[in-house]
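Read the single chain below, which is given as structure tokens and is the form predicted alone.
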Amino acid sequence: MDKPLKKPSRIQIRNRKVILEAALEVFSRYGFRGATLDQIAEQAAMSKPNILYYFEGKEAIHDALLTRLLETWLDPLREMDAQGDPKSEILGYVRRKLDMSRDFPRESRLFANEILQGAPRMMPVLEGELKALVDEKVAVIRGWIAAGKMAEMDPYHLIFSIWALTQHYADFDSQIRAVLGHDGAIAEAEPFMEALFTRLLAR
């Protein structure tokens, strides 16, 4: 009979959290290929052998971060309600994505780096869970269009445009701050996005 798995101690839970937080900083800055275990260990103020006690290697840490990220990354789209008003639901999705760019910029850059490399570690999720969710919401939007509740358009490219416009504020934050000369671009972007998508959705 197999022995029950031992529950991790509070110290082990804390150390894993410290490692993942340090790795998020390193991976979001240097990408998977540019990041090293030595950099993660230095950021975490832990020894490299201690890091390897909790994770088999750099890829295992990266995979753990991506898994944690995807738990929340898809939630804003999941919240789009087929029974709701199309304008309210889509604008709500835009706001939630802007909020994520403001609150999780490193996670957004981690995701972007993975995609730019061809999604070698995430492709099964992109082709599986992500595609299934997007297909589901595309069907919802098509239903709204067929019912005459919003302008006719390609729902896939509507969703892609929301991703591009909102995630830009996290992935290209340095460029935006350089051009504007100040922080707080997301707060300024929200009324612009609301006006833009309101006009786009109008019948």
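Just so it is clear, the structure is predicted and the values come from calculations on it, not from any experiment. Numbering starts at 1 and runs along the sequence shown.
Another form, the form predicted together with another copy of the chain, is not on view; read the next lines as being about it.
Novice: For another copy of the chain, considered in the model of the complex: do all three of R109, L126 and L196 come within 4.5 Å of it, counting heavy atoms only?
Specialist: Yes, the whole trio is in contact, each within 4.5 Å by some heavy atom.
Novice: Contact between M153 and another copy of the chain in the model of the complex at 4.5 Å, heavy atoms?
Specialist: M153 belongs to the contact set for another copy of the chain.
Novice: Is it the case that R33, even though its partner is missing from this view, gets within 4.5 Å of another copy of the chain in the model of the complex, heavy atoms only?
Specialist: Looking in the model of the complex, residue contacts with another copy of the chain include R33, since a heavy atom lies within 4.5 Å.
Novice: With the partner left out of view, is K149 within 4.5 angstroms of another copy of the chain in the model of the complex by any non-hydrogen atom?
Specialist: It does not: once another copy of the chain is placed as it appears in the model of the complex, K149 has no heavy atom within 4.5 Å of it.
Novice: In the model of the complex, is there a heavy atom of another copy of the chain that lies within 4.5 Å of any heavy atom of R78, even though the partner is absent here?
Specialist: No, R78 stays farther than 4.5 Å from another copy of the chain in the model of the complex.
Novice: Under a 4.5 angstroms heavy atom criterion, identify the one residue in A60, A178, A45, A139 near another copy of the chain in the model of the complex.
Specialist: Of the listed residues, the single hit is A178.
Novice: Need the contact residues for 144-183: heavy atom within 4.5 Å of another copy of the chain in the model of the complex, sequence order, or none if there are none.
Specialist: Residues within 4.5 Å: A151, M153, D154, Y156, H157, L158, F160, S161, W163, A164, L165, Q167, H168, Y169, D171, F172, S174, Q175, I176, A178, V179, L180.
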